[in-house]
Every structure is written in structure tokens, then in C-alpha cells.
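Single chain ahead, written as C-alpha cells, the form predicted on its own.
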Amino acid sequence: MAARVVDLAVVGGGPVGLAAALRAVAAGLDAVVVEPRARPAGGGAATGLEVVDKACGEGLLPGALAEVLALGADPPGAPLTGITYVQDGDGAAAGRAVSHDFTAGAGRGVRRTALHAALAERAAAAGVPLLAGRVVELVQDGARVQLDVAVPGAAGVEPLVARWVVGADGLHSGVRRAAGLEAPARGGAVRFGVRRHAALVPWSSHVEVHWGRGVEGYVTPVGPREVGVAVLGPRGTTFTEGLEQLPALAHRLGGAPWTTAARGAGPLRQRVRAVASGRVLLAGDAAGYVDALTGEGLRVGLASARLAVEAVTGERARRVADAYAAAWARETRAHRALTAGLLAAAELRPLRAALVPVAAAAPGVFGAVVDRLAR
């Protein structure tokens, strides 16, 4: 079988992969999205994307919302106007809270399925080609990258040759492993997240973060009568067990019916040797992940999709990987530093218990941090 040849292969048809593909097509690149969940029609041609729900943050902070709107997508949701931290549990500081409204304007709470559907519809309208399949091998020779794609219902594999590859295949990226960019895990807390949705009129237009003794609870309004509730904690923490450690949040929920089952993700911390190697660039969670503490995953992911396409379209000989790595480092530096620092503090019980009281005592500092992350 003759290999299909394209300028850019985007591996992963989630929000970040679709964002990269939309920007590539708009820039005049011959691009294709490789996604196992693309729906094949007769003959193996993909006709659309299956919208998949995953346990991820659903708050589009102002910067992330701007990235989505710039792609021509406008998913339904609920306004997000700021961040509130609440000390939950039974400690001496229980009930303390600190809030800040975004100065950059409102963001939006959006169900992951709604965001994915909006971007998938935009990709279909823009004529973004899809290839239903899973990448089973990746080899690059300095001038191109060859991908072997296992296509559902087909014997053998379908070869795909690309000048560039963007790996946007998530937390447990196969492209990252195949390109030799995965780094071994280090010590430290191993954390997981579990998320559900409740049929409840949001009581706030803020993302509300409840700090318990060993877990955090995140509440995001995602519609006029629905909120997303996520619990982050150590390995083995169930949603029910996590909520039991957050009595103020449990009281707020008031026994509202759950509209979705619990979905988990993790381990959250993922390390990489580099975000690019040769002609392979990593975007979104595939490019490494610290933690969900700051709720910036979507903003960073969408920005990395934009930066990857900018690096490819502005290529100068073999400097694309270096240009992308430098741009990615600049774009994510504050996020990575703040998330790592907050996570380190959260791992030490005395510091964890002091986080909300200290933030409440210095609201200007808290507000500056929130606004930096929201950009």
C-alpha cells in the first residue's frame, strides 16, 4: 500500500488535537488527525469523531476561552468570573475563604463533551481530514516521520508519512513513548482525580476550590442547572471518600442527584525528557503534566497547539523543535512554577492547613496569582 503523505499528522482527536489541526488547516498545511475513535464509514474513511467524556477540568479560564473562540467554536456553558478558595473540614481555619474576580473578563464552565463536540463540528466544517486508527509505530529519519496506523477492520497497518507530527494524545501519550520523550517518574505524591456532575443550580459563578485535610474538591458551574464536582487526592481515593472529607462542600451539594457516573484520571504527574524531538512535537497533557491544582490544563493545552503550528509554519531548516520548546517554556513557565510550588505546599500538612488563611490575609497576592493563571 502506498503511504499517504501529509505536512502534519496530529495524533489525538481531543480538544487539543482538534485545535492544532484547525490552526494547521487555516495556515494552509495539508494535515490529518489520527484518532482511534474516529467513526469509519465504508472503505475505512473517517466521517466524524465520537464525542468522549473524560475526567478533566471543565473550566475555561479567560485565556482558554479566547483560544477556543479564536478557532471559531462557541460551546455552551456557564460564565466563570473568578476563583474562590475555601478551607473545608474540621480544622481551626474551617470556613475561611478568599475570592478574586478575573480582571481579564469572564471565562466559561463547559462540559468536556460540549467542548469536544463544538471543536469537532468546527473541524468538520473546516474540512479537517480524519484517519480512524491507532498509531502502533513511529520512526523518523530527519526529513520525515513514518507512522504505522492500525485501522479498524483492516488487515495489517496503513502507512502515513508526515513532515511533522504533533502528539496530542493525552496524559498517557503513546507518541511520547514512541519518540523517546517519556521520563521516569520521580518520588512525591501520586495523585488522581475523580469527577461527577450534579443537577443543581450553581450557587456561584466562581470555580470554588475546597481544601480538605488530604483532598481538594473543585466545583465548576457548567450550565444553568448543573455543576461539575471533582475530587483530587492520593491513589485509591474514591469520589465518595473524598467528599466525606469535605463536609462544607457536601452540605452545599445538599443531596442533589448526580447526572454522571464517577470518572477517574491519573496518575496526574507525567514527566518528559523534552517537549520536542526532531520532527515530533508534544502538545497538551502529552507534553507533561504537573497537577490539576491550578485548573490551567486546557489553557496550556490549547496554547501549546497554537505554538506547535506556529513553529511548523515558521520553520527554518531544523530549528522547529528548538523554537517550539523555547516558546512552550515561555508560555508555561508561570503555570509550571506556581503549580509545582502549590503542590509542594499541599503535600505538607502544616502548610496545607495554612494555605487558605494566608491567602485570605493577603488578598492582593492571591488576586495577582489568579489573574496570572487566568491570562
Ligand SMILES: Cc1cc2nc3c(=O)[nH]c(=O)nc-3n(C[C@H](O)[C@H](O)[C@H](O)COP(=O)(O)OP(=O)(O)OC[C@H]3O[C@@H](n4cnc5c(N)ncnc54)[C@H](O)[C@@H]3O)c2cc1C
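Residue numbers here begin at 1 and follow the sequence given. Small disclaimer: the values here were computed from a predicted structure and weren't measured.
This protein has a second form, the form predicted together with this ligand, left out of what is shown; the following refers to that one.
Among the residues 202, 75, 212, 170, the one placing a heavy atom within 4.5 Å of this ligand in the model of the complex is 170. The contact residue chosen from 181, 135, 227, 162 relative to this ligand in the model of the complex is 135, the criterion being a non-hydrogen atom within 4.5 angstroms. Note that among 22-30, 326-334, 48-56, 305-313, the stretch whose heavy atoms approach this ligand to within 4.5 Å in the model of the complex is 48-56. Annotated contacts: 11, 268 and 297 all touch this ligand in the model of the complex [non-hydrogen atom within 4.5 angstroms]. Residue contact check for residue 62: none of its heavy atoms lie within 4.5 Å of this ligand in the model of the complex. By the criterion of a heavy atom within 4.5 Å, residue 284 is counted among the residues contacting this ligand in the model of the complex.
Contact annotation for residue 112: at least one heavy atom lies within 4.5 Å of this ligand in the model of the complex. In the model of the complex, none of the heavy atoms of residue 85 sits within 4.5 Å of a heavy atom of this ligand.
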